[in-house]
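Presented as structure tokens, the chain that follows is alone, the form predicted alone.
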């Protein structure tokens, strides 16, 4: 079959598989394996723990990868401590997936954002589960920060959307999200080195199966801090009722600061799941979330810490041209991602530290430069 050729090398040159140990960075490895066409073997997944092997949410993620690809081979041993994955072709199409309630939909969506532009058919997927939790980026933040980022690389069009039809809070979830993304043959390189100045702050305070008054209390306390810096602040209150409110009560806030040059920096907080930890006051949550946003603005850069790995991946896969982006301090997740990019794509970034000048107040910045590998979506040419 003609479609068996892998991007970056024909079927004749079968890439050798990469081997890893442990459960860390499982998503990064599977996503990069899928894009590079290189098989990957992961051993000793929680081998020493009382409950060894893959967790529910990881198994659900592997099922999702299996759904969006065609012809992938996945082998897991009986205890779930060894995983072998030989990637197939990214296929896409209309799909549905029930995410594990142990992690939020953002855990799955982050990886789909990396894969969706390179499918054979435009992806339209309905994801069900937890929309906002305390571990992963929420759907609100990914919608406000990751989508504008993809647009900079030329991934845009009518069929590009991410919308929350139902909110679901942990532990039981019950949320629903629709994500649709057009396919692209090539990505355009970017030069994104001037973050600009903050011009406005937008946010969403949501309350699910609790008094709608709570969202207003969150907004008031967040504004009490942010109003000192900038007048253009608008925080929507989103109160979901009835079936659209999922199965568990909860509330939270996500904030996004937009700059004059189209940089989006985000912060968010959610209440503790029902029956876990101490109860959080809405006022406290609003104050803490506003402080987190100020911390993210201090870190600065053209991309917030949630999306560092996404922008570096898209730069790597761009045309054979130079891409540059200015980032704040690299997160540990991003540092590991750079190591993986080198293993899977042999791509090295030039990393220059920029000290804080007078005009660039805030934390130390890092200028990341790379030449794209000229990745092209081969499945688009085969009909």
Partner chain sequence: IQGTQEKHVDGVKWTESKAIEIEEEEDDDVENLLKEEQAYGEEIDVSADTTGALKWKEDLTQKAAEAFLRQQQSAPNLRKLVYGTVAEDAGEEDEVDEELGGLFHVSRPDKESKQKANALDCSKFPVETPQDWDLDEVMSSIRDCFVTGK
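Quantities reported herein were computed from a predicted structural model and do not represent experimental measurements. Numbering follows the first chain given and starts at 1.
The next section is about a form of this same protein that is not shown, the form predicted together with the partner chain.
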query	finding
Contact label in the model of the complex: residue 137 to the partner chain, heavy atom within 4.5 Å	yes
The partner chain contact at residue 306 in the model of the complex, heavy atom, 4.5 Å	yes
Contact flag, residue 283 vs the partner chain in the model of the complex, heavy atom cut 4.5 Å	no
Contact test in the model of the complex: residue 350 vs the partner chain, heavy atoms, 4.5 Å	yes
120, 223, 217, 299 - the one with a heavy atom within 4.5 Å of the partner chain in the model of the complex	299
Proximity to the partner chain in the model of the complex, single hit among 295, 156, 194, 75 (heavy atom within 4.5 Å)	295
Contact stretch among 208-216, 287-295, 85-93, 167-175 - heavy atom within 4.5 Å of the partner chain in the model of the complex	287-295
The partner chain in the model of the complex: contacted by all of 26, 229 and 332, heavy atom 4.5 Å	yes
Residues in 263-290 with any heavy atom within 4.5 Å of the partner chain in the model of the complex	268
